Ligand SMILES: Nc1ncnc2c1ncn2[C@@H]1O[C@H](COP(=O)(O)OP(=O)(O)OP(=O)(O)O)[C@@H](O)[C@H]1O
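Okay, so here's just one chain, in structure tokens, the form predicted on its own.
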């Protein structure tokens, strides 16, 4: 189901597979914040030990909430601070690969044996991947019926294959970041699959996952537990802050503070802040609607619900606006619902959970590998 690319980028010689430590770390390396979650296994249960988040902006001499591309030294400093502040002790780390640095698509092929697929798919992939195949890591998964849908009468029989590719340079770069701190990369996984693992519970209906990041919004349509479509929208939570900053003539840091406190619900000193924010959000939703409409028309499947994740999903009033826009049930993803934690953290984790969907999903898979 959600683990449809379960073997994606395992490193067989990693210390992960040799250690007896039952503590694991999932690491989500975003461009506006970095998030980490440490879990341990106890009698088959996933126990939350610690979690933490660091804003990227200040390490790149920018404000909290701003997108920044850090140098190797800056990233090492950030990770060192995050692990120290969150008291993360595990040394083998699973890492998310951003959707923007990967490719996910479904291709159709005639029925072939596994050995034949291994020869044909790299050739087919050249049609879709804009760089030499030697520069990427490929993985694929044959989609079973009924998820693939039965062919219409008279049509030749075909199989659908979910194809994924990641540029090797991204893996090498993230590995270098970890090794600076003497951390071991256990495996890499495209962030979409990590998020699905943490927020899905066996659903088979068509579901939209909308991940509102700072610089972009990632959309995935999951149907029968399979990623059918992935799409990136070129606006995110940072664009809301920029709109407020420009309209009110404020520094980015002050505009970010106002956005987080006011959201889509209130005015600020007589100014219609919610109107400025809504303009960006409505654009994101309109772009998402285009993708949804195409999918529903082609697949003759109705979207049943929308799940919001990412730090941008925490914007006050966003769920209500999304409910009006999509006209299907809308909810915040709650990845911490799949782990055990002290009762006093319930309130905090329910509010911050959507931003940790990817990190929790990575750590959960990491525990599965150790079982």
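Residue numbers count along the first chain shown, from 1. Predicted model only: the values in this text are computed from it and were never measured.
The discussion below concerns the form predicted in complex with this ligand, not included here.
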- Task: Just give me the single entry in 325, 334, 32, 50 that has a non-hydrogen atom within 4.5 angstroms of this ligand in the predicted complex.
- Result: 32
- this ligand contact in the predicted complex: residue 238, any heavy atom under 4.5 Å: yes
- Query: Is there a heavy atom of residue 246 no more than 4.5 Å from a heavy atom of this ligand in the predicted complex?
  - Reply: no
- Give a yes or no for residue 260: in the predicted complex, does one of its heavy atoms lie within 4.5 Å of a heavy atom belonging to this ligand? yes
- Query: Even though this ligand is not shown here, does residue 90 get within 4.5 Å of it in the predicted complex, heavy atoms only?
  - Reply: no
- Item | Stretch from 206-214, 180-188, 274-282, 167-175 whose residues place a heavy atom within 4.5 Å of this ligand in the predicted complex | 206-214
- Query: What residues of 313-331, in sequence order, lie within 4.5 Å of this ligand in the predicted complex by heavy atom?
  - Reply: 314, 315
